[in-house]
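Below you'll find only one chain, the form predicted on its own, shown as structure tokens.
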């Protein structure tokens, strides 16, 4: 086997009835389809986006533009199955991945477990708070084993880590190397698939053209296919309904699956006894809201508890030290220094004594398709939104800026720019609802949570350690209403002990209107996480799903 093997077929070739259907292909959905296939269940997976194998991800700015879709309320720009799915909202915008593998295709690969205090919070189901039987702990172990998470081996010195180490010291902290889903030496993985080594190109977030990124397509889905699961693409699920035999899934054909179909998009349906929703925080919540509007009795908590996981994206621009934080592509640019995986280093500040001020800071690499935009974009943002953290070297800073403008992102100010991604704990009080049949997020003043001022102050201090200009995310400015952007949305179908407290129970089983749970109806993805985790949520989503499937009985 190899990483270029095709796993999926268009949904137009699907049967009308399966024993089980899984919607989505991210961390929760991939666990579900894999473990169900292992039990011998006749299971189909429905994914809206296409399958992309290494070599088919964007390599240029034009490629990336063609893979970009933007949704704002009921309007949509770009291809419906574009890889980069940006949902623009009034208060919190969200970036998602679209394709077989979900957001694992474009995420930062980091696998961190949250603090014990997070899982012991009152909003979590009591059985998970106690974990008396160790089932959740076992779920974490199975997730790490299957995803084969490992820290960057540090065999090649990366300038962005050297800079982060200086920045950590300024915050009285140490830099560590977190576990990440990247393969650093050519090998056969745990499912027997041959996988090449990371080339340290830094393009993880535009899709790995090497094949070294351990997305769900590389492990859970690959293994599920070998176990007999049917993986289908081009199916945009709209809503589900209960039937005498189980559930009917209503979906539209999109992308190549819809070509030649009249009228387009063609609406179809498929039936099953058991249904798992794993379409992500926005996707599963939207499907459930539509299903409730069409008569499915669900908790009044549906749509509530949205969290952006305290996400902050910011920059330390034009530092006095080189960073090499711009991806160099595959094959790499001639003479380019190694960048490393998109995230390799971490400053862990979860030691303040209270969750409200506990944060993690990670460095990042911007993918090579964006390189042509960066000199002008960062150069113009610096005087408008930036804070110069040192003085007396303005001439050198101007010369570095001009060098980037004249010679590109791999020289001068942009080559000396550190990208920061921060996760923290915010109030998790957003509410998702349908407006003109489109999902909207309502969370006035989300960006005015005190934690974001706290983060900004720490990032400015970190940037000062390397003599740069601190640039907060421009849309978080006062003039733009302190709006946020999240790449880790959570909530909407949150877990709880009862339907008064959540939409699903600790195993993702959906509460019905009579005090029990629906037979065979589950949600397993970020939408069931009942609040911010303060770290990258992928590992916890996977672990919760692993626990649920370990306890699953047909």
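Residue numbers count along the first chain shown, from 1. Since this is a predicted model, take the numbers as computed values, not measurements.
This protein has a second form, the form predicted together with a small molecule, left out of what is shown; the following refers to that one.
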Checklist line | the small molecule in the predicted bound form: contacted by all of 35, 275 and 530, heavy atom 4.5 Å | finding: no
Next item on the list: Choose one stretch from 60-68, 499-507, 519-527, 35-43: the one whose residues place a heavy atom within 4.5 angstroms of the small molecule in the predicted bound form.
Entry: 519-527
Next item on the list: Could you tell me which one of 358, 404, 382, 236 places a heavy atom within 4.5 Å of the small molecule in the predicted bound form?
Entry: 236
Notebook entry, point to check: Of 89, 466, 107, 473, which one comes within 4.5 Å of the small molecule in the predicted bound form, counting heavy atoms only?
Noted result: 107
Notebook entry, point to check: Going by a heavy atom distance of 4.5 Å, is residue 95 a contact of the small molecule in the predicted bound form?
Noted result: yes
Next item on the list: May I ask you to state whether residue 308 is within 4.5 Å of the small molecule in the predicted bound form, using heavy atom distances?
Entry: no
Check: Can any non-hydrogen atom of residue 279 be found within 4.5 angstroms of the small molecule in the predicted bound form?
Finding: yes
Check: Do residue 103 and the small molecule come within 4.5 Å of each other in the predicted bound form, heavy atoms counted?
Finding: yes
